[in-house]
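One chain comes next, on its own, written as structure tokens: the form predicted on its own.
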Amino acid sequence: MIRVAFLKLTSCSGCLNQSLVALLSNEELLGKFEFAYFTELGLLTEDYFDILFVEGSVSNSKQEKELREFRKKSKTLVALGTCAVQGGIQSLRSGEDVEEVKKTVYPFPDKIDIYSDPKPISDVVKVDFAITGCPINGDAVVNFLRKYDVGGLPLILPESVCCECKRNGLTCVMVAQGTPCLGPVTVSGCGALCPSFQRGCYGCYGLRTWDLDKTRLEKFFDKLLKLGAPESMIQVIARGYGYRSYKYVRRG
């Protein structure tokens, strides 16, 4: 049996829930994989794992230590969701005074121990594969496990949401309607869900980091401003799902 674990760090549990629903809908996998640990279910043992899925960003030293310990016990580690891959929605606090943020959110801020910037798990441990999304598509976990079972590896396509729009025959909302859209700078995988409803992509699968830099991103965001997106919106979307994107495009 292939031993699988799911570890939760700072996150909303959406990716874990999507994974759980998808796995329970595919009974053939339950006979091939032993789901040995699941943070929210308290299962079963922590001895050794063939595959470790990690949801959430690293927000404090306690989580960092826990992640390192689980990494030592695991053969393959998969970053699960945009929080784990790029820092996630917690990155909205990046660039702010973390003490002021805690006072705004928590009734007893002195009891909250968090980093100023949430860390993607790759900042702490070696990551073998990544499944993006906020939340992920549960079928991506099922497909990963099926390929792992037969000895194959996932095929990583370095493309943006725009590619999915083209494959689906969708009219570009930016070109045709002048709607601000993050599709050109966002990782694919959602099936172009928002543009299929005539809405602009808001970047939940994370920034396309492999070929973007500060100059390219600033030019793109200048285009969004010309389409009517307010500067405040630019600042939010620039760090909405990953703290690195905020550092790339910090303005002023």
Partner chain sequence: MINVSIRTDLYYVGNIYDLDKLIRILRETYGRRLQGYKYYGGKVTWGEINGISDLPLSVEDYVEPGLYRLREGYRFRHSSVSPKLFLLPSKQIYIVESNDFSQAKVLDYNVSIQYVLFGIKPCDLNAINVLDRMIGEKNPVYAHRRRSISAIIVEECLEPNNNCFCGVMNSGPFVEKDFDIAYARLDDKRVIFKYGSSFGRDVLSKLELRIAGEKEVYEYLEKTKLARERTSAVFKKSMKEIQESLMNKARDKELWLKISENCVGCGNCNFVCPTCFCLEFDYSINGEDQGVKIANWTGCLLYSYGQVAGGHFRPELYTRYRHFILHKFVFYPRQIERLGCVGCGRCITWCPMSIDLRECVNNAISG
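Nothing here was measured: the structure is a model prediction, and the numbers come from that model. Numbering follows the first chain given and starts at 1.
The discussion below concerns the form predicted in complex with its partner chain, not included here.
Proximity to its partner chain in the model of the complex, taken as a non-hydrogen atom within 4.5 angstroms, holds for one residue of K65, R199, K32, K214, which is K32.
Only one of A140, C162, V101, L92 comes within 4.5 Å of its partner chain in the model of the complex through a heavy atom, and that residue is C162. In plain terms, the part of the chain that comes close to its partner chain in the model of the complex, with a heavy atom within 4.5 Å, is 217-225 out of 199-207, 51-59, 33-41, 217-225.
Contact annotation for the candidate site: K166, T171 and V185 all lie close to its partner chain in the model of the complex (heavy atom within 4.5 Å).
Interface residue remark: G178 is counted as part of the site for its partner chain in the model of the complex, having a heavy atom within 4.5 Å.
Taking non-hydrogen atoms only, E28 approaches its partner chain to within 4.5 angstroms in the model of the complex. Although the partner is absent from this view, K73 stays clear of its partner chain in the model of the complex, with no non-hydrogen atom inside 4.5 angstroms.
Its partner chain in the model of the complex comes within 4.5 Å of no heavy atom belonging to P109.
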